[in-house]
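Only one chain comes next, encoded as structure tokens, the form predicted on its own.
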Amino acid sequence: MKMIFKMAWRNIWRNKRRSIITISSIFFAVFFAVFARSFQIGVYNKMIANMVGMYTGYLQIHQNGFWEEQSIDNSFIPDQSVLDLLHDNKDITDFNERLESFALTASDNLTKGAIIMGVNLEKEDGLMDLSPKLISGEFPAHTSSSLLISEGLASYYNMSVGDSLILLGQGYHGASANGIFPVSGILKFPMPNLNDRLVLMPILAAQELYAAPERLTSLVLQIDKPEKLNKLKKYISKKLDLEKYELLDWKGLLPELVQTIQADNAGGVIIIGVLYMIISFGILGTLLMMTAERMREFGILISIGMRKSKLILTLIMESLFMGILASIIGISVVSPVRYYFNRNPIRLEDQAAESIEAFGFEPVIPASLDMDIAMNHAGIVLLIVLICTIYPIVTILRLKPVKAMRT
């Protein structure tokens, strides 16, 4: 076997021109496949980060059944064991307590339905990045009964900081939830659904408004390593009483986003598939050329006693060596390119940027640095190389030494 390895390696460099052409075709296959897929996955990761960081977080804990029927009656008082579980886990950087409900807002002769979120504003600033979105006023104190309202709602009522907003709703177990609250600040959200109807207030004030002391509708878990999400979810699921609580990740919280990514990914797979078809014909063409040029060599080797099985194995090793070498070069060259576009993403402008921002996404196209992308596509290209090697293998099996030496 050692002899075959040596022979295969030497054969590659006996005809440098031919080998460089083959290695170049494989190199470009790896480079363009990884390059294209990195941008596609980078866009998906940015979409997820925008949506998750805008509102839902990566994981949420509710009372069992809350997500199906999002009523304040399905709120809960978290057990100390649940809080200890979240405090003790190093993968959870923090968790946000929320009390969410709906209410009719009113000012003068106008009314509008709104989402009311009672939150710890300091924690929510860490998740939703509220400080840059504050276009007027200031955050209310934790014990205050003031509100932060979205820009769309403020514009609808022609309201500014210092004005008051009336909330009319239904509290816990049918209690009345009415009050007049001063506006301490105005927030501008890039997502239209939130910007038109979101009201934030300190959680203590929300619990008092809805007659739900100490009650929460959700615990939003903040994590700084999304790649550990599945492992973390499994761990918490084992420790959590799933008859009392439900644990949902962002995929369960944002099914529309999952479907959008799946639909777009299908189109991306088709494009990558077309690229691989072109790549396959390029690699096959170089192997056809190599086989045709070496027919006389193959005939001589078989004539002097070399078994066809060893010749085939040598040829496979040659293809693998060239494929591995080209893959290493391809990954080495594409990695700094990916890094550059990860740190300096392509920024969309004009109408393209406006249409993306309308859905709450940042109008940029970054490249992903996930090494799995590079390794997976290098593996696929190597598999294509091996499949293309079938042709020279079949040629050797059918080879007539005397006829081959005459070519």
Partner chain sequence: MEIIKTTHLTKVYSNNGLEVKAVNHIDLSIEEGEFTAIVGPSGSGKTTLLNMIGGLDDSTEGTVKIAGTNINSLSENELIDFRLKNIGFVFQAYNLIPVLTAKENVEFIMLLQGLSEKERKQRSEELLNHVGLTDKLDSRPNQLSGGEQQRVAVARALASKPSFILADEPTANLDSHSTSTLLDMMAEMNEKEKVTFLFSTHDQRVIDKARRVITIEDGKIIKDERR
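Note that the rigid core is defined as the largest set of C-alphas that superpose within 1.5 Å between two forms. Positions refer to the first chain, counted from 1. Everything numeric in this text was worked out from a predicted model, so none of it was measured.
One more form of this protein should be noted, the form predicted together with the partner chain, which is absent from this view; the next part is about it.
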Completion exercise
The listed residue (Ile236, Met117, Ile302, Leu121) that reaches within 4.5 Å of the partner chain in the predicted complex by any heavy atom is Ile302
Practice task
Check, residue by residue, if Ala49, Pro226 and Asp264 all come within 4.5 Å of the partner chain in the predicted complex, counting heavy atoms only.
Solution key: no
Problem - 4.5 angstroms heavy atom contact with the partner chain in the predicted complex for Lys16 - result: no
Problem - Interface membership of Arg197, the partner chain in the predicted complex, 4.5 Å heavy atom rule - result: no
Problem - Contact of Thr395 with the partner chain in the predicted complex (heavy atom, 4.5 Å) - result: no
Exercise for the section: Evaluate Lys188 for contact with the partner chain in the predicted complex, applying a 4.5 angstroms cut-off between non-hydrogen atoms, and reply yes or no. Expected result: no
Problem - Per-stretch contact check against the partner chain in the predicted complex, the hit in 255 to 263, 328 to 336, 189 to 197, 307 to 315 (non-hydrogen atom, 4.5 angstroms) - result: 307 to 315
Practice task
May I ask you to list the residues of 3 to 18 that have any heavy atom within 4.5 angstroms of the partner chain in the predicted complex, in sequence order?
Solution key: Met3, Lys6, Met7, Arg10, Asn11, Arg14
Exercise for the section: Using a superposition on the rigid core, decide whether the Cα position of Leu221 changes by 2 angstroms or more between this form and the one not shown. Expected result: no
Exercise for the section: Would you say whether Phe298 is displaced between this form and the one not shown, judging by a C-alpha shift of 2 Å or more on the superposed rigid core? Expected result: yes
